[in-house]
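This document starts with one chain, in the form predicted on its own, laid out as structure tokens.
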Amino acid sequence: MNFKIRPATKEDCKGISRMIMELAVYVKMPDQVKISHEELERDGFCQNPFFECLVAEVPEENKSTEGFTLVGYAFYFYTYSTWKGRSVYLEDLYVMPEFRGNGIGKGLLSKVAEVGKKKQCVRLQMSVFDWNTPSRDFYAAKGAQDLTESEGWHFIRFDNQSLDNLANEAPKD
């Protein structure tokens, strides 16, 4: 199938927002999505963007049954390891179900790796649900290591009230 991968533009944010919701439905967490396309526009296309995004686009003749030409995205940002240096974190990799199996996911993943290498990143990291065997198998087939099994790392989060409580305990200036 003919497709191209390109950096997202501000005008793509409605389509990215649609696919974020599709991904949330796939992982059975649609109620967790609180971000709007306006926030994506603000946070990704400002002076110091919080994220970068690539989109997969098909020509008009291959559009989805709903009429979409944006059929996948890779949402990522940069982090830093005190042990290894520059890293890229892949927050989301999504391809609409009717377009899976055409190399689009591999293309998006490879392009994020290429972008990271150009910025001298030494690793590409992501989190995957334990039940998402297709994705875990996909990444493993490309050479990814599951650090949960090999190194015992756990992904930890503060949010909502726990984040507020922690922030309120900060020493005052």
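This structure is a prediction, so every number in the text was calculated from the model and none was measured. Quick note: we count residues from 1 along the sequence shown, nothing fancier.
Beyond the structure shown, there is the form predicted together with a further copy of the same chain, which is absent from this document and is the topic of what follows.
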Indicate whether residue 120 is a 4.5 Å heavy atom neighbour of a further copy of the same chain in the predicted bound form. yes
I'd like to check something about residue 85: if you look in the predicted bound form, is any of its heavy atoms closer than or equal to 4.5 Å to a heavy atom of a further copy of the same chain? yes
Taking a further copy of the same chain as it sits in the predicted bound form, is residue 148 in contact with it (heavy atom to heavy atom, 4.5 Å or less)? yes
Just checking whether residue 94 would be counted as a contact of a further copy of the same chain in the predicted bound form - the rule being heavy atoms within 4.5 angstroms. no
Though the partner is not shown here, which residues of 51-75 have a heavy atom within 4.5 Å of a further copy of the same chain in the predicted bound form? 51, 75
